[in-house]
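Quick heads-up: it's one chain on its own, the form predicted on its own, in structure tokens.
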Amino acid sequence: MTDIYSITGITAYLRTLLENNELLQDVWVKGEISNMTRATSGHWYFTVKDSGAQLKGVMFKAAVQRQSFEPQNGDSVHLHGRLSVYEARGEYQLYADEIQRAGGVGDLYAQFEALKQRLAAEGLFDDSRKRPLPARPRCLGVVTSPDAAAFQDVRRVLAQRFPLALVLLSPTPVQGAEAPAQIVRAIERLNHHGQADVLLVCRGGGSIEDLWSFNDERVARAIAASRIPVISGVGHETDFTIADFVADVRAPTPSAAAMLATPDRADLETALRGLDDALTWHLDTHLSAARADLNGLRQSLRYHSPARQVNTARQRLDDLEARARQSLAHRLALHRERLHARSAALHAASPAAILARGYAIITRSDDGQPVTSARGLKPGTGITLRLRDGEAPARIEDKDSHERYKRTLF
């Protein structure tokens, strides 16, 4: 029976083969650096490549600290190290311990810089041609592979942040020789369709070769010619492509592109609650003011109403009548007092009252004329004395001879 090996076993066998080869344990390689990653641990992870192949590489912290320069993506370098297998991933890689400059920039990086400078000179990167993104897009056009993780990331973010937006996929390969032309057609389809409010041109992370379709001049000019604003979300945060510079907005990842394209539902709900509170406050304020105005008008109407004026006139009439009665009563009492006083004075001055006090009225007996003066009275003149309780006849006598008369006068 043929022997059957486990994955672990066959991988360990390959590792042994590599590590037992003297050439591969002390080797120099030449290539261009890409996918340079500096881990927080201090290790460097990278890819070194040429026009025909690529090789994973790692340099651990102890070796990193001995290097005279830090390579960048696109640098052409000479690397010394040994080849072995990283069993957990089943990948063979270069464990580097020394790195030297190879005297220039790599071919792909040189092409990237040349195209970047030429398009920049044409003004394709100018901020003046960048268009603002819609605040609340109804439809998002996505240019990517339907099988790519980037598309699933975009859909997940949109479902969480802004599920109201319609997602319109324009499928295209995002890697390989045919990808640039397909990406251009995908952008043109969405522009022709015209429903999308913003376009997301996106792809997940990878090496510079994997992302090279987005450094193609045709893709750059298609993005620049798009009538719809474009967000590029290609690679990881440290990856930059020509598409990033031409797009209206650059996002570090596809997920970030979806976040930049849409508002957050939580923020919208918060804003809506704020607007609802403000509307309620304004309504309450206006209703309170209107209610106060209505009460004021009601009071003013009540104050100026004919009924109130009639009631006020009636009350004023009652007051005037009461005052007139009071004044009349006062005047009547005053006149009554005066009448009583005058009646008393008149009574006191009446002949009867005078007679009651002991006075008498003297009249001539012959003609009844009152005697008001002693002059003109002659002795022997008959007079009548009217007293309180009757009359008494009398005669005028001479005062000097009266005592000599010893007789009754009448």
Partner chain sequence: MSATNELSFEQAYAELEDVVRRLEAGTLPLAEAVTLYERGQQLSARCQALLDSAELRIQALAEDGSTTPLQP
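Quick caveat: nothing in here was measured; it's all calculated off a predicted structure. Numbering follows the first chain given and starts at 1.
The form predicted in complex with the partner chain exists for this protein as well; it is not shown, and the discussion that follows is about that form.
In the model of the complex, do His78, Leu115 and Asp126 all reach within 4.5 Å of the partner chain through at least one heavy atom apiece? Heavy-atom distance to the partner chain in the model of the complex: none of the three under 4.5 Å.
Heavy atoms within 4.5 Å of the partner chain in the model of the complex: does Asp293 have any? No, Asp293 stays farther than 4.5 Å from the partner chain in the model of the complex.
For Leu190, is any heavy atom within 4.5 Å of the partner chain in the model of the complex, or not? Contact with the partner chain, yes.
I'd like to know if Leu158 sits close to the partner chain in the model of the complex, meaning any non-hydrogen atom pair within 4.5 angstroms. Result yes; Leu158 sits at the interface with the partner chain in the model of the complex.
Is the gap between Pro163 and the partner chain in the model of the complex 4.5 Å or less for some heavy atom pair? It does: once the partner chain is placed as it appears in the model of the complex, Pro163 has a heavy atom within 4.5 Å of it.
Arg314, His335, Arg218, Arg185 - the one with a heavy atom within 4.5 Å of the partner chain in the model of the complex: After the contact test, the surviving option is Arg185.
So which of Ala120, Ala271, Ala225, Leu320 reaches within 4.5 angstroms of the partner chain in the model of the complex, heavy atom to heavy atom? It is Ala271 that has a heavy atom within 4.5 Å of the partner.
Within 4.5 Å, heavy atoms only, one stretch in 87-95, 227-235, 148-156, 244-252 touches the partner chain in the model of the complex. Which? Checking each option against the 4.5 Å cut-off leaves 148-156.
Under the 4.5 Å heavy atom criterion, name the residues of 118-145 that approach the partner chain in the model of the complex, in sequence order. Contacts from 118-145: Arg136, Arg138.
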